[in-house]
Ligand code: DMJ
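Take a look at this single chain, the form predicted alone, given in C-alpha coordinates.
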(Lines give C-alpha, C1' and ligand atoms only; values in the text may rest on other atoms or scores of the structure.)
Protein backbone atom coordinates (compact mmCIF):
# COMPACT_ATOMS: atom_id res chain seq x y z
CA UNK A 1 0.00 0.00 0.00
CA UNK A 2 1.28 3.44 -0.85
CA UNK A 3 2.08 5.82 1.99
CA UNK A 4 -0.78 7.95 3.33
CA UNK A 5 0.44 11.13 1.66
CA UNK A 6 -0.67 10.20 -1.83
CA UNK A 7 -0.44 13.41 -3.85
CA UNK A 8 -2.36 13.92 -7.07
CA UNK A 9 -0.08 16.74 -8.14
CA UNK A 10 -2.10 18.17 -11.01
CA UNK A 11 -4.55 19.65 -8.51
CA UNK A 12 -2.22 19.82 -5.54
CA UNK A 13 -4.77 17.88 -3.50
CA UNK A 14 -3.84 15.29 -0.92
CA UNK A 15 -6.16 12.30 -1.22
CA UNK A 16 -5.09 9.27 0.84
CA UNK A 17 -6.32 6.16 -1.00
CA UNK A 18 -7.40 4.53 2.25
CA UNK A 19 -9.61 7.51 3.02
CA UNK A 20 -11.12 7.41 -0.46
CA UNK A 21 -11.97 3.74 -0.04
CA UNK A 22 -13.44 4.33 3.43
CA UNK A 23 -15.73 7.04 2.09
CA UNK A 24 -17.41 4.98 -0.60
CA UNK A 25 -20.99 3.93 0.09
CA UNK A 26 -21.76 0.46 1.36
CA UNK A 27 -22.32 -2.05 -1.41
CA UNK A 28 -24.94 -4.77 -1.11
CA UNK A 29 -23.68 -8.33 -1.02
CA UNK A 30 -23.43 -9.97 -4.46
CA UNK A 31 -26.30 -12.29 -5.34
CA UNK A 32 -26.14 -15.95 -6.39
CA UNK A 33 -25.28 -15.33 -10.06
CA UNK A 34 -22.48 -12.89 -9.23
CA UNK A 35 -21.12 -15.37 -6.70
CA UNK A 36 -21.17 -18.13 -9.30
CA UNK A 37 -19.18 -15.95 -11.70
CA UNK A 38 -16.70 -15.21 -8.92
CA UNK A 39 -16.43 -18.94 -8.27
CA UNK A 40 -15.66 -19.57 -11.94
CA UNK A 41 -13.04 -16.82 -11.85
CA UNK A 42 -11.34 -18.51 -8.89
CA UNK A 43 -11.52 -21.85 -10.68
CA UNK A 44 -9.69 -20.44 -13.71
CA UNK A 45 -7.29 -18.35 -11.61
CA UNK A 46 -6.33 -21.27 -9.38
CA UNK A 47 -5.67 -23.39 -12.47
CA UNK A 48 -3.33 -20.66 -13.71
CA UNK A 49 -1.60 -20.58 -10.32
CA UNK A 50 -1.17 -24.35 -10.27
CA UNK A 51 0.14 -24.87 -13.78
CA UNK A 52 1.38 -21.53 -15.10
CA UNK A 53 2.36 -19.36 -12.13
CA UNK A 54 4.93 -16.73 -13.08
CA UNK A 55 4.20 -17.14 -16.79
CA UNK A 56 2.02 -15.12 -19.14
CA UNK A 57 -0.83 -17.56 -19.74
CA UNK A 58 -2.23 -20.97 -18.89
CA UNK A 59 -2.54 -23.63 -21.58
CA UNK A 60 -5.46 -25.55 -20.05
CA UNK A 61 -5.55 -28.70 -22.18
CA UNK A 62 -1.85 -29.49 -21.84
CA UNK A 63 -1.78 -28.20 -18.24
CA UNK A 64 1.16 -26.00 -19.07
CA UNK A 65 1.98 -22.40 -19.80
CA UNK A 66 2.67 -20.01 -22.66
CA UNK A 67 4.88 -16.92 -22.63
CA UNK A 68 4.43 -14.32 -25.33
CA UNK A 69 8.16 -13.64 -25.58
CA UNK A 70 11.31 -15.35 -24.35
CA UNK A 71 10.64 -14.01 -20.85
CA UNK A 72 7.36 -13.68 -18.99
CA UNK A 73 5.78 -10.26 -18.48
CA UNK A 74 3.25 -11.68 -15.98
CA UNK A 75 0.43 -10.99 -18.42
CA UNK A 76 -2.29 -12.89 -16.56
CA UNK A 77 -1.52 -11.59 -13.04
CA UNK A 78 -1.39 -7.96 -14.19
CA UNK A 79 -4.49 -8.33 -16.35
CA UNK A 80 -6.49 -10.11 -13.62
CA UNK A 81 -5.53 -8.00 -10.60
CA UNK A 82 -8.25 -5.36 -10.80
CA UNK A 83 -10.84 -8.08 -11.41
CA UNK A 84 -9.92 -9.59 -8.04
CA UNK A 85 -10.24 -6.20 -6.40
CA UNK A 86 -13.67 -5.56 -7.93
CA UNK A 87 -14.84 -9.04 -6.92
CA UNK A 88 -13.75 -8.41 -3.33
CA UNK A 89 -11.03 -11.09 -3.38
CA UNK A 90 -8.84 -8.94 -1.16
CA UNK A 91 -6.33 -11.50 0.10
CA UNK A 92 -5.73 -12.93 -3.36
CA UNK A 93 -5.38 -9.45 -4.81
CA UNK A 94 -2.89 -8.39 -2.14
CA UNK A 95 -0.71 -11.45 -2.75
CA UNK A 96 -0.86 -10.97 -6.51
CA UNK A 97 -0.05 -7.28 -6.26
CA UNK A 98 2.97 -8.00 -4.08
CA UNK A 99 4.19 -10.65 -6.53
CA UNK A 100 3.87 -8.22 -9.44
CA UNK A 101 5.59 -5.38 -7.62
CA UNK A 102 8.44 -7.65 -6.58
CA UNK A 103 8.97 -9.66 -9.76
CA UNK A 104 7.86 -7.71 -12.83
CA UNK A 105 10.62 -6.00 -14.80
CA UNK A 106 10.50 -4.36 -18.21
CA UNK A 107 14.29 -4.08 -18.49
CA UNK A 108 14.35 -6.93 -21.00
CA UNK A 109 15.83 -7.27 -24.45
CA UNK A 110 12.58 -8.34 -26.10
CA UNK A 111 10.50 -6.96 -28.94
CA UNK A 112 6.87 -6.48 -27.92
CA UNK A 113 3.66 -5.47 -29.66
CA UNK A 114 2.90 -1.96 -28.49
CA UNK A 115 -0.89 -2.23 -28.68
CA UNK A 116 -1.22 -5.43 -26.66
CA UNK A 117 1.32 -4.38 -24.03
CA UNK A 118 -0.40 -1.00 -23.67
CA UNK A 119 -3.95 -2.24 -23.19
CA UNK A 120 -3.08 -5.25 -21.01
CA UNK A 121 -0.06 -4.26 -18.95
CA UNK A 122 0.00 -0.47 -18.94
CA UNK A 123 -3.77 -0.34 -18.51
CA UNK A 124 -3.73 -3.00 -15.82
CA UNK A 125 -0.97 -1.34 -13.81
CA UNK A 126 -2.66 2.06 -13.96
CA UNK A 127 -6.07 0.75 -12.96
CA UNK A 128 -4.70 -1.31 -10.08
CA UNK A 129 -2.61 1.64 -8.91
CA UNK A 130 -5.68 3.84 -8.79
CA UNK A 131 -7.59 1.18 -6.85
CA UNK A 132 -4.85 0.40 -4.31
CA UNK A 133 -2.59 3.46 -4.09
CA UNK A 134 0.46 1.18 -4.36
CA UNK A 135 2.97 3.54 -5.93
CA UNK A 136 5.15 0.65 -7.08
CA UNK A 137 2.51 -0.08 -9.73
CA UNK A 138 2.63 3.49 -11.00
CA UNK A 139 6.43 3.33 -11.08
CA UNK A 140 6.20 0.18 -13.21
CA UNK A 141 3.68 1.88 -15.50
CA UNK A 142 5.93 4.91 -15.89
CA UNK A 143 8.90 2.70 -16.66
CA UNK A 144 6.91 0.77 -19.24
CA UNK A 145 5.43 3.88 -20.83
CA UNK A 146 8.88 5.38 -21.27
CA UNK A 147 10.11 2.20 -22.96
CA UNK A 148 7.14 2.27 -25.36
CA UNK A 149 7.56 5.91 -26.40
CA UNK A 150 9.93 5.18 -29.35
CA UNK A 151 6.99 3.71 -31.30
CA UNK A 152 5.80 7.27 -31.98
CA UNK A 153 9.04 8.24 -33.77
CA UNK A 154 7.62 7.78 -37.26
CA UNK A 155 7.44 10.53 -39.88
CA UNK A 156 3.68 10.87 -39.32
CA UNK A 157 3.67 10.46 -35.54
CA UNK A 158 1.51 7.36 -35.89
CA UNK A 159 3.10 4.49 -33.93
CA UNK A 160 5.05 1.54 -35.24
CA UNK A 161 3.62 -1.83 -34.21
CA UNK A 162 6.65 -3.25 -32.40
CA UNK A 163 9.36 -1.94 -30.08
CA UNK A 164 12.29 -3.49 -28.20
CA UNK A 165 11.86 -2.69 -24.50
CA UNK A 166 15.60 -2.36 -23.93
CA UNK A 167 16.99 -0.87 -27.14
CA UNK A 168 13.96 1.13 -28.31
CA UNK A 169 14.32 -0.29 -31.83
CA UNK A 170 11.02 -0.23 -33.72
CA UNK A 171 9.52 -1.97 -36.72
CA UNK A 172 6.13 -2.58 -38.28
CA UNK A 173 5.23 0.38 -40.48
CA UNK A 174 2.06 -1.30 -41.79
CA UNK A 175 -0.49 -0.84 -39.05
CA UNK A 176 -4.21 -0.32 -38.52
CA UNK A 177 -6.51 2.22 -36.86
CA UNK A 178 -7.00 0.14 -33.72
CA UNK A 179 -3.29 -0.17 -33.01
CA UNK A 180 -2.74 3.51 -33.78
CA UNK A 181 -5.77 4.95 -32.01
CA UNK A 182 -6.09 2.73 -28.93
CA UNK A 183 -3.41 4.32 -26.77
CA UNK A 184 -4.71 7.64 -25.46
CA UNK A 185 -6.63 6.32 -22.46
CA UNK A 186 -3.55 4.58 -21.07
CA UNK A 187 -0.88 7.09 -22.10
CA UNK A 188 -3.15 9.96 -21.13
CA UNK A 189 -3.85 8.54 -17.69
CA UNK A 190 -0.13 7.93 -17.21
CA UNK A 191 0.52 11.52 -18.18
CA UNK A 192 -2.03 12.86 -15.69
CA UNK A 193 -0.76 10.67 -12.84
CA UNK A 194 2.95 11.38 -13.40
CA UNK A 195 2.69 14.99 -14.55
CA UNK A 196 4.58 14.16 -17.76
CA UNK A 197 2.82 15.72 -20.78
CA UNK A 198 4.81 13.72 -23.32
CA UNK A 199 2.67 10.62 -22.87
CA UNK A 200 -0.59 12.42 -23.59
CA UNK A 201 0.85 14.49 -26.40
CA UNK A 202 2.34 11.57 -28.33
CA UNK A 203 -0.79 9.43 -28.14
CA UNK A 204 -3.09 12.37 -28.94
CA UNK A 205 -0.98 13.37 -31.95
CA UNK A 206 -1.22 9.82 -33.30
CA UNK A 207 -5.02 9.89 -33.12
CA UNK A 208 -5.21 13.28 -34.81
CA UNK A 209 -2.84 12.12 -37.56
CA UNK A 210 -5.02 9.09 -38.22
CA UNK A 211 -8.29 11.01 -38.12
CA UNK A 212 -6.84 13.54 -40.55
CA UNK A 213 -6.43 10.74 -43.07
CA UNK A 214 -10.06 9.65 -43.04
CA UNK A 215 -11.86 9.59 -46.37
CA UNK A 216 -14.11 12.32 -47.73
CA UNK A 217 -17.12 10.42 -46.40
CA UNK A 218 -15.57 10.17 -42.94
CA UNK A 219 -14.39 6.55 -42.78
CA UNK A 220 -11.02 4.91 -42.14
CA UNK A 221 -9.65 1.78 -43.79
CA UNK A 222 -8.14 -1.42 -42.46
CA UNK A 223 -4.41 -0.92 -43.07
CA UNK A 224 -2.21 2.18 -43.28
CA UNK A 225 1.54 2.84 -43.56
CA UNK A 226 2.64 4.95 -40.58
CA UNK A 227 5.71 6.22 -42.44
CA UNK A 228 4.02 7.41 -45.62
CA UNK A 229 0.51 7.92 -44.25
CA UNK A 230 -0.93 6.08 -47.25
CA UNK A 231 -3.80 3.63 -46.98
CA UNK A 232 -3.00 0.05 -47.99
CA UNK A 233 -6.43 -1.52 -47.50
CA UNK A 234 -9.52 0.67 -47.93
CA UNK A 235 -11.96 -1.78 -46.33
CA UNK A 236 -13.90 -0.05 -43.54
CA UNK A 237 -15.72 -1.79 -40.68
CA UNK A 238 -16.04 -1.85 -36.87
CA UNK A 239 -14.32 -5.20 -36.38
CA UNK A 240 -10.83 -6.10 -35.20
CA UNK A 241 -8.19 -3.74 -36.52
CA UNK A 242 -10.50 -0.71 -36.38
CA UNK A 243 -12.92 -1.35 -33.49
CA UNK A 244 -11.25 0.29 -30.48
CA UNK A 245 -10.19 3.36 -32.48
CA UNK A 246 -13.81 4.47 -32.37
CA UNK A 247 -14.16 3.35 -28.75
CA UNK A 248 -11.24 5.54 -27.66
CA UNK A 249 -12.48 8.65 -29.45
CA UNK A 250 -15.59 8.58 -27.27
CA UNK A 251 -13.88 7.49 -24.07
CA UNK A 252 -10.98 9.95 -24.34
CA UNK A 253 -13.55 12.73 -24.44
CA UNK A 254 -15.33 11.25 -21.40
CA UNK A 255 -12.18 10.64 -19.33
CA UNK A 256 -10.16 13.73 -20.18
CA UNK A 257 -12.83 16.16 -21.37
CA UNK A 258 -10.89 16.41 -24.63
CA UNK A 259 -13.10 18.41 -27.00
CA UNK A 260 -11.05 17.38 -30.03
CA UNK A 261 -11.89 13.76 -29.26
CA UNK A 262 -15.56 14.71 -28.83
CA UNK A 263 -15.62 16.25 -32.29
CA UNK A 264 -13.75 13.31 -33.84
CA UNK A 265 -16.14 10.84 -32.19
CA UNK A 266 -19.28 12.67 -33.29
CA UNK A 267 -18.11 12.97 -36.88
CA UNK A 268 -16.91 9.38 -37.00
CA UNK A 269 -19.96 7.69 -35.50
CA UNK A 270 -22.18 9.63 -37.89
CA UNK A 271 -20.27 8.16 -40.84
CA UNK A 272 -20.20 4.68 -39.29
CA UNK A 273 -23.95 4.67 -38.73
CA UNK A 274 -24.60 6.00 -42.23
CA UNK A 275 -22.41 3.67 -44.25
CA UNK A 276 -21.65 0.56 -42.15
CA UNK A 277 -25.02 -0.05 -40.51
CA UNK A 278 -27.14 -2.58 -42.39
CA UNK A 279 -30.84 -2.87 -41.51
CA UNK A 280 -31.92 -6.28 -42.76
CA UNK A 281 -34.90 -8.56 -42.27
CA UNK A 282 -32.58 -10.38 -39.88
CA UNK A 283 -32.01 -7.33 -37.70
CA UNK A 284 -29.49 -4.48 -37.46
CA UNK A 285 -25.90 -5.40 -38.28
CA UNK A 286 -22.69 -3.58 -39.24
CA UNK A 287 -20.82 -4.84 -42.29
CA UNK A 288 -17.86 -3.83 -44.45
CA UNK A 289 -17.73 -1.08 -47.06
CA UNK A 290 -15.17 0.78 -49.16
CA UNK A 291 -13.92 3.73 -47.09
CA UNK A 292 -13.97 6.06 -50.10
CA UNK A 293 -17.28 5.23 -51.73
CA UNK A 294 -19.36 3.55 -49.03
CA UNK A 295 -20.02 0.62 -51.36
CA UNK A 296 -20.83 -2.53 -49.36
CA UNK A 297 -18.12 -5.16 -49.72
CA UNK A 298 -19.32 -7.95 -47.43
CA UNK A 299 -21.92 -8.87 -44.83
CA UNK A 300 -19.73 -10.26 -42.09
CA UNK A 301 -20.12 -9.61 -38.37
CA UNK A 302 -18.42 -11.29 -35.45
CA UNK A 303 -17.43 -11.55 -31.84
CA UNK A 304 -15.22 -8.45 -31.96
CA UNK A 305 -17.94 -6.33 -33.58
CA UNK A 306 -20.16 -7.07 -30.58
CA UNK A 307 -18.39 -4.34 -28.57
CA UNK A 308 -20.29 -1.65 -30.45
CA UNK A 309 -23.58 -1.80 -28.52
CA UNK A 310 -21.60 -0.92 -25.38
CA UNK A 311 -20.06 2.11 -27.06
CA UNK A 312 -23.41 3.20 -28.46
CA UNK A 313 -25.03 2.80 -25.04
CA UNK A 314 -22.28 4.80 -23.35
CA UNK A 315 -22.79 7.57 -25.91
CA UNK A 316 -26.53 7.65 -25.21
CA UNK A 317 -27.78 5.93 -28.38
CA UNK A 318 -29.73 3.26 -26.52
CA UNK A 319 -32.19 2.46 -29.29
CA UNK A 320 -29.49 1.51 -31.76
CA UNK A 321 -27.52 -0.26 -29.03
CA UNK A 322 -30.50 -2.43 -28.10
CA UNK A 323 -31.13 -3.45 -31.70
CA UNK A 324 -27.52 -4.36 -32.38
CA UNK A 325 -27.25 -6.31 -29.12
CA UNK A 326 -30.23 -8.42 -30.17
CA UNK A 327 -28.39 -9.27 -33.38
CA UNK A 328 -25.25 -10.18 -31.43
CA UNK A 329 -27.32 -12.38 -29.14
CA UNK A 330 -28.82 -14.12 -32.17
CA UNK A 331 -25.25 -14.82 -33.31
CA UNK A 332 -24.54 -16.44 -29.93
CA UNK A 333 -27.70 -18.52 -29.61
CA UNK A 334 -27.68 -19.80 -33.19
CA UNK A 335 -24.63 -21.94 -32.39
CA UNK A 336 -24.86 -22.21 -28.61
CA UNK A 337 -21.86 -19.89 -28.42
CA UNK A 338 -20.69 -17.16 -30.79
CA UNK A 339 -18.32 -17.80 -33.71
CA UNK A 340 -15.47 -15.44 -34.47
CA UNK A 341 -17.24 -14.36 -37.67
CA UNK A 342 -20.46 -15.12 -39.53
CA UNK A 343 -22.31 -13.90 -42.59
CA UNK A 344 -25.38 -12.21 -41.16
CA UNK A 345 -27.44 -12.60 -44.31
CA UNK A 346 -27.20 -16.39 -44.20
CA UNK A 347 -26.24 -16.91 -40.54
CA UNK A 348 -23.49 -19.24 -41.72
CA UNK A 349 -20.15 -19.44 -39.96
CA UNK A 350 -17.21 -17.80 -41.71
CA UNK A 351 -14.59 -18.22 -38.97
CA UNK A 352 -15.57 -20.98 -36.52
CA UNK A 353 -13.49 -20.35 -33.41
CA UNK A 354 -14.53 -18.85 -30.08
CA UNK A 355 -11.61 -17.19 -28.31
CA UNK A 356 -13.31 -16.69 -24.89
CA UNK A 357 -14.05 -13.14 -26.01
CA UNK A 358 -15.85 -10.62 -23.77
CA UNK A 359 -17.39 -8.10 -26.13
CA UNK A 360 -20.97 -9.36 -26.23
CA UNK A 361 -20.97 -9.61 -22.42
CA UNK A 362 -19.51 -6.13 -22.14
CA UNK A 363 -22.40 -4.77 -24.21
CA UNK A 364 -24.96 -6.64 -22.11
CA UNK A 365 -23.45 -5.07 -18.99
CA UNK A 366 -23.57 -1.54 -20.39
CA UNK A 367 -27.15 -1.95 -21.55
CA UNK A 368 -28.17 -3.45 -18.23
CA UNK A 369 -26.61 -0.52 -16.38
CA UNK A 370 -28.20 2.17 -18.52
CA UNK A 371 -31.63 0.61 -19.15
CA UNK A 372 -32.15 -1.46 -15.96
CA UNK A 373 -33.84 -3.98 -18.25
CA UNK A 374 -33.80 -7.60 -17.00
CA UNK A 375 -33.35 -8.69 -20.60
CA UNK A 376 -29.60 -8.26 -20.34
CA UNK A 377 -29.14 -10.32 -17.19
CA UNK A 378 -31.15 -13.01 -18.97
CA UNK A 379 -28.57 -12.82 -21.75
CA UNK A 380 -25.85 -13.04 -19.14
CA UNK A 381 -27.30 -16.27 -17.77
CA UNK A 382 -27.11 -17.74 -21.27
CA UNK A 383 -23.49 -16.60 -21.65
CA UNK A 384 -22.47 -18.12 -18.32
CA UNK A 385 -24.23 -21.41 -19.02
CA UNK A 386 -22.53 -21.66 -22.41
CA UNK A 387 -19.09 -20.91 -20.99
CA UNK A 388 -19.43 -23.54 -18.29
CA UNK A 389 -20.93 -26.12 -20.62
CA UNK A 390 -18.58 -25.78 -23.56
CA UNK A 391 -15.36 -24.13 -22.36
CA UNK A 392 -14.74 -25.35 -18.82
CA UNK A 393 -12.05 -28.02 -18.53
CA UNK A 394 -10.36 -29.95 -15.76
CA UNK A 395 -7.84 -27.09 -15.72
CA UNK A 396 -9.46 -23.70 -16.16
CA UNK A 397 -11.25 -22.64 -19.32
CA UNK A 398 -10.33 -23.26 -22.96
CA UNK A 399 -11.12 -21.44 -26.18
CA UNK A 400 -12.98 -23.33 -28.89
CA UNK A 401 -11.53 -24.08 -32.31
CA UNK A 402 -15.01 -24.70 -33.69
CA UNK A 403 -18.32 -23.52 -32.22
CA UNK A 404 -20.31 -26.05 -34.25
CA UNK A 405 -18.38 -29.11 -33.05
CA UNK A 406 -17.39 -27.45 -29.74
CA UNK A 407 -13.82 -28.73 -30.16
CA UNK A 408 -11.52 -27.05 -27.66
CA UNK A 409 -8.24 -25.23 -28.24
CA UNK A 410 -5.33 -25.13 -25.79
CA UNK A 411 -5.60 -21.45 -24.88
CA UNK A 412 -6.86 -19.29 -22.02
CA UNK A 413 -5.81 -15.74 -22.80
CA UNK A 414 -5.40 -13.24 -19.99
CA UNK A 415 -8.41 -11.23 -21.13
CA UNK A 416 -10.72 -14.06 -20.06
CA UNK A 417 -9.94 -13.06 -16.47
CA UNK A 418 -9.49 -9.35 -17.18
CA UNK A 419 -12.59 -8.84 -19.29
CA UNK A 420 -14.94 -11.76 -19.88
CA UNK A 421 -15.49 -12.74 -16.25
CA UNK A 422 -15.21 -9.17 -14.96
CA UNK A 423 -18.02 -7.93 -17.20
CA UNK A 424 -20.06 -11.02 -16.43
CA UNK A 425 -19.62 -10.42 -12.70
CA UNK A 426 -20.55 -6.74 -12.99
CA UNK A 427 -23.63 -7.67 -15.01
CA UNK A 428 -24.98 -9.56 -11.99
CA UNK A 429 -23.34 -7.63 -9.14
CA UNK A 430 -25.15 -4.84 -7.26
CA UNK A 431 -25.36 -1.72 -9.41
CA UNK A 432 -23.33 0.34 -6.94
CA UNK A 433 -20.34 -2.03 -7.24
CA UNK A 434 -19.06 0.25 -9.97
CA UNK A 435 -20.60 3.42 -11.42
CA UNK A 436 -20.21 3.46 -15.19
CA UNK A 437 -20.78 7.21 -15.17
CA UNK A 438 -17.66 7.76 -13.07
CA UNK A 439 -15.17 5.37 -14.63
CA UNK A 440 -13.99 4.67 -18.15
CA UNK A 441 -12.96 1.15 -19.10
CA UNK A 442 -10.05 0.78 -21.45
CA UNK A 443 -10.50 -1.80 -24.19
CA UNK A 444 -9.06 -4.50 -21.87
CA UNK A 445 -11.72 -3.70 -19.22
CA UNK A 446 -9.33 -1.88 -16.90
CA UNK A 447 -11.38 0.87 -15.23
CA UNK A 448 -9.71 4.29 -15.17
CA UNK A 449 -10.96 7.30 -13.23
CA UNK A 450 -10.19 10.98 -12.81
CA UNK A 451 -8.20 10.74 -9.61
CA UNK A 452 -6.36 13.82 -10.83
CA UNK A 453 -9.68 15.67 -10.62
CA UNK A 454 -10.49 14.77 -7.01
CA UNK A 455 -12.91 12.00 -7.96
CA UNK A 456 -11.58 9.17 -5.82
CA UNK A 457 -14.80 7.57 -4.63
CA UNK A 458 -15.56 5.25 -7.48
CA UNK A 459 -14.42 1.89 -6.09
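Residue numbers count along the first chain shown, from 1. Keep in mind that this is a model prediction, so the values were computed, not measured.
This next part talks about the form predicted in complex with this ligand, which is not shown.
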**Message:** My question is simply whether residue 415 lines the interface with this ligand in the model of the complex - judged by any non-hydrogen atom within 4.5 Å.
**Reply:** yes
**Asked** Is there a heavy atom of residue 361 no more than 4.5 Å from a heavy atom of this ligand in the model of the complex?
**Response** no
**Item:** Contact label in the model of the complex: residue 116 to this ligand, heavy atom within 4.5 Å
**Value:** yes
**Message:** Is it the case that residue 357, even though its partner is missing from this view, gets within 4.5 Å of this ligand in the model of the complex, heavy atoms only?
**Reply:** yes
**Heavy atom contact within 4.5 Å of this ligand in the model of the complex, the stretch among 118-126, 269-277, 208-216, 157-165** = 118-126
**Request:** Only one of 349, 234, 284, 304 comes within 4.5 Å of this ligand in the model of the complex by heavy atoms, so just point that one out.
**Result:** 304
**Request:** Could you list which residues of 424-445 come within 4.5 Å of this ligand in the model of the complex, counting heavy atoms only?
**Result:** 443, 444
